[in-house]
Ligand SMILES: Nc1ncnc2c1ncn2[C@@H]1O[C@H](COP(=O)(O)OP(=O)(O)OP(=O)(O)O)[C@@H](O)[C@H]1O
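The form predicted on its own is given below as one chain in structure tokens.
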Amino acid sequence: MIKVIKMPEPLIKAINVKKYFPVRMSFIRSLKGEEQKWVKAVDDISIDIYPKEILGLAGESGSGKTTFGRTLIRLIEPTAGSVIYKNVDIFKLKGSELKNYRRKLQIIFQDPYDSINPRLTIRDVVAEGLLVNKLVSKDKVDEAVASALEDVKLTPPEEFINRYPHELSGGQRQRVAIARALVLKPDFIVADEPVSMLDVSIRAEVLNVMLDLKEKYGITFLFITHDLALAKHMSDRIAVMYLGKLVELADSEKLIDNPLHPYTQALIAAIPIPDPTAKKAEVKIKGEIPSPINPPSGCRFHPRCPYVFDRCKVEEPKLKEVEPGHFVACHLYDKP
């Protein structure tokens, strides 16, 4: 796999993206005029995603990975920031303009059982986007659907096209979900933990389908996962997210072999090693991820960091390039 560190023009350029969700208040509290609180799920993230790469996005549950992915393609409305795609800020688009761009930015959801309408046949599931966007004539729909099913290795397509979702296995359903995104010929796909709901025995098959599609069609992926070992296998680069912030970004092999941020080090230390005699990094973090409603001051990781010092508690570290292509947000690497 060719590792991409830097390319001239990003396909997707996220700039200071934020997504805050309002916390519901009781009627009494609202009458008292209490200040509105917000869940800061994504808090000022900037990142470039380059053509034909797979960018892994890793972190614990609650770090904001899924929210960032959905905000990136405007599946949910942003609070602030910009996402530049082909020199257009998609956060500013409305109506038909947004519809035209949306079909080029697709998503594969985590749960193939919830993301597919059980009342529709596989043909109708895959064809829905084609018909809504009027991409092919009605007499060409079956041909386009069959081609998409062949690309995701559901062959022969005639055997699947008239079935209903409940007649398929979990792995087959997820392939249908991939075909539903693929049939629109997108440039960019957010894959939100696409194999976490599947049996281990069939995960590799689904992942190989995604890698084949990248090579065949040049599709760019944001691959969201909590599994850094899987991220290394799939991704050209890996970004690590913690409590709404990016804390590290590097080439996948460099990040796994030489993690700089204490949080990344702890995530890698938690990866199981088949050889029980092998030496393993001992980086332990305490407690659980704090509430995004009231994130810690300074570095958001400081309450759990084994290397915390006074500056960490009051000053938020910026994401800086500490070596070519390797970015980290940690005061341990600030130059004096």
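We number the residues from 1 along the sequence you see. Computed from a prediction, not measured in an experiment: that's the story for all the values here.
Another form, the form predicted in complex with the ligand, is not on view; read the next lines as being about it.
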* Structure fact -> None of H226, K254, R103, R203 but one has a heavy atom within 4.5 Å of the ligand in the predicted bound form; the exception is H226
* To do: Identify, from the list S61, N294, S46, Q36, the residue with a heavy atom within 4.5 Å of the ligand in the predicted bound form.
  => S61
* Asked: All three of D111, V152 and Q174 touching the ligand in the predicted bound form at 4.5 Å, heavy atom to heavy atom?
  -> no
* Asked: Wondering, does L55 line up within 4.5 Å of the ligand in the predicted bound form on heavy atoms?
  -> no
* Is there a heavy atom of L267 lying 4.5 Å or less from a heavy atom of the ligand in the predicted bound form? -> no
* Asked: If you check in the predicted bound form, is D236 within 4.5 Å of the ligand, heavy atoms only?
  -> no
* To do: Could you list which residues of 178 to 214 come within 4.5 Å of the ligand in the predicted bound form, counting heavy atoms only?
  => E193
